[in-house]
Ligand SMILES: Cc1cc2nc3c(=O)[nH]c(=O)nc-3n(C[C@H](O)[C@H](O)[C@H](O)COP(=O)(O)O)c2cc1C
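Okay, here we've got a single chain as structure tokens, the form predicted on its own, with questions on binding and movement later.
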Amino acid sequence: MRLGHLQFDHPLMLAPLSGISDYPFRRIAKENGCSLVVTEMVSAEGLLRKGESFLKIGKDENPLSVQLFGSNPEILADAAQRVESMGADAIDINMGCPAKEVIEAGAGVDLMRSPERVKGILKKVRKKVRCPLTIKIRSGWDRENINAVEIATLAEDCGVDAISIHPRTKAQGFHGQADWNLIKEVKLAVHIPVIGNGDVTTPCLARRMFEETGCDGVMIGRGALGNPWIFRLKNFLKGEERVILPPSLEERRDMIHYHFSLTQDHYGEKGAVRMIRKNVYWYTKGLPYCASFHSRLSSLKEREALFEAIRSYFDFIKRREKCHLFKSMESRSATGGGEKTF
């Protein structure tokens, strides 16, 4: 897949996740094979006021796309120019966020209600930056106002290099099912790359999105929470059939420690403990007995207490697994199903 002058050896990308896809999160995704990482959405006005203190770009996370949100064409254009000078490889304009405070500012998915505003923004930004320019959109406002194809063709005419689409309406939020058929409709309507997003939580679903929609790339958001290993799928997406094993307990535990070390370097120890708790929740979600462990997380405010709880939890799972394995072998032996091995 190509995005302007950028070329990727495989088309799995990290979606912008508000309050989540910070530098440590992006770096881990990149190290696990993600082809393009996108920042959480950045206020264009805030960036112009605070500059590099508002957005830090790591030297080891390129190629990187910075997602900007706002509603003023001049401010968005100036912010895009500033971001490009800071080292961003691509600029993405958020036209899909359904958050109340973003919509009240006339930004996010609210922009899709006014194609003329979209046109004015994209023309201004395109004149100010040379790097690839993309937009991220939704289906539309609600079921009666689905206009993703209209916005996509308009964006192509304005010189946008690619379109990402999360095919849910603003009214849906993150509920219901993403309409992948709309990704296919957008792909058929434009000549620039189309990146699908929504409900991709497993390797098989990533491949299915490619097959069903013909999209050029797949952007993974919630499917990457606690699961950076999802980006290790290059050969699988090419059709190579193989068993994709979930990460082991040791891999999960080691990733938690690594994620914390990156977070501590970025935010300092106090900030790191607060920031890492949600990631610990995601790394352990679905593991045995996780509910009781998760109920304790919010009360763990010191580094030592947090990691003692993590160590105890993983040790408990291992002991329980060994106990179950021993009982299973005893049962098979008693019924003549095989020898006990130790």
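Predicted model, so just to flag it, every value in this text is computed and none were measured. Residue positions are given as counts along the sequence shown, with the first one as 1.
The form predicted together with this ligand is left out here; the points below concern that form.
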Counting only non-hydrogen atoms, choose the one of 111-119, 252-260, 195-203, 78-86 that falls within 4.5 Å of this ligand in the predicted bound form.
195-203
Only one of I310, M41, A44, C34 gets a heavy atom within 4.5 Å of this ligand in the predicted bound form. Which one?
M41
Can you work out which of L133, I220, A107, V186 has a heavy atom no more than 4.5 Å from this ligand in the predicted bound form?
I220
Hey, in the predicted bound form, does A15 get a heavy atom within 4.5 angstroms of this ligand?
yes
Is Q67 close to this ligand in the predicted bound form, meaning a heavy atom pair under 4.5 Å apart or at it?
yes
Consider T169 of the chain shown here, and say whether it contacts this ligand in the predicted bound form, taking contact as heavy atoms within 4.5 Å.
no
Might N227 be said to contact this ligand in the predicted bound form, defining contact as any heavy atom within 4.5 Å?
no
In the predicted bound form, residues of 81-116 near this ligand [heavy atom within 4.5 Å]
N94
